[in-house]
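Heads up, the chain below is alone and in the form predicted on its own; it's given as structure tokens.
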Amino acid sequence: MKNGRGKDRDYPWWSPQVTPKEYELVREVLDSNYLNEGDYTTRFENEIAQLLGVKHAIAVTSGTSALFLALAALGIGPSDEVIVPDVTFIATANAVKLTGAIPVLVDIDPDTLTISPGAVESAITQRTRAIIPVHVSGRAADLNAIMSIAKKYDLFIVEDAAEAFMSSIDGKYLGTFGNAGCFSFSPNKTISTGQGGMIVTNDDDLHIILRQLKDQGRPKRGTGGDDIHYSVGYNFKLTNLQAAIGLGQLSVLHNRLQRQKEIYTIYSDHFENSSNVSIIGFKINRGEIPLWTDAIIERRDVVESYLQKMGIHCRKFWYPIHTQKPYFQNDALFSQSTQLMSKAMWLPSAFILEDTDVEYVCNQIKRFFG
């Protein structure tokens, strides 16, 4: 590929991109004068359901609200416990708190940075109701083990697939294994609606409850007037304007997915034998799609500062949730997340980067280590 950048240009960690199709569809919505949730939202839901091979897709305002609604629809609430990995965006734990339930943090598998099945089973109590496996950067949690544990203890599984849209394992898409799967369409995802999310499920009864919870207790879109409200509900609707953007983004989906794999492969090849940089692997041949390329890097903070001076923008991994004030616990309970997160970083993974851009980033990292 031709390199459109130079040494003095920025190399973004991520960069959203809008295509002409989004402009076309948003104009259609504006011309229709119906900006609220409507037919375009339904079209977006139907296209997502078809892509993922599920019966139902429910559009909502964010990935966080998707998680909250999925848990609430399963009847999870005060005094219940939900097991959450210590390494994830804090929204995963916050969604549990929104239901009134208790997020129980557990350690991770160092090879995948996803939830440790052994730690999950050790954390189960009589109050445990659900497990939230998080598919970090599109990398599958150990679903066979987690589903086996869930069956053994009669627990629900709500997949946090916010970073795993269209990533699969052995022919089945992440987010479609559990009782419900939750996706995010925030700006740093493969497709974006600005803010927005989606819940998917094959459970007909759960689908009806989710529809009611997201829209003031109405199982079907109402008028705002003489509607029948079957339950308590909230307002988590995704507007036609947002859905139009999502529909437009889907027109370039497969090109972006392919580019994400190509970028990861360049990094993986470059650092295959490095003693200073370890690229966390993806099972590309089994269907996993790297949203971003994750690396464990010695002297990470110094490396990150060095790269920033060259216009190379990386993103440090989340602090482990147990170190955050609302969820503070002792480091000794989380040996893997405590050890790894101070070294973990996302390398520039924007699908707009060209091969030579990624090569330049690799060479600068190698140069730092001599």
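This one's a predicted model, so the numbers in the text were calculated from it and none came from an experiment. Numbering starts at 1 and follows the sequence shown.
As for the form predicted together with a small molecule, it is not shown, yet the points below apply to it.
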Point to revise | the small molecule contact at P290 in the model of the complex, heavy atom, 4.5 Å | key: no
Check your understanding: Is there a non-hydrogen atom of T64 within 4.5 angstroms of a non-hydrogen atom of the small molecule in the model of the complex?
Key -> yes
Check your understanding: Taking heavy atoms and a 4.5 Å cut-off, does K189 contact the small molecule in the model of the complex?
Key -> yes
**Study point:** Touches the small molecule in the model of the complex: A91 (any heavy atom, 4.5 Å)
**Key:** yes
Exercise for review: Let me know the one among L247, V134, I146, L210 whose heavy atoms come within 4.5 Å of the small molecule in the model of the complex, would you?
Suggested key: V134
Review point. Only one of A162, A141, L174, V200 has a non-hydrogen atom within 4.5 angstroms of the small molecule in the model of the complex; which is it?
Key: A162
Point to revise | Answer range among 181 to 189, 261 to 269, 220 to 228, 278 to 286 for contact with the small molecule, defined in the model of the complex as heavy atoms within 4.5 Å | key: 181 to 189
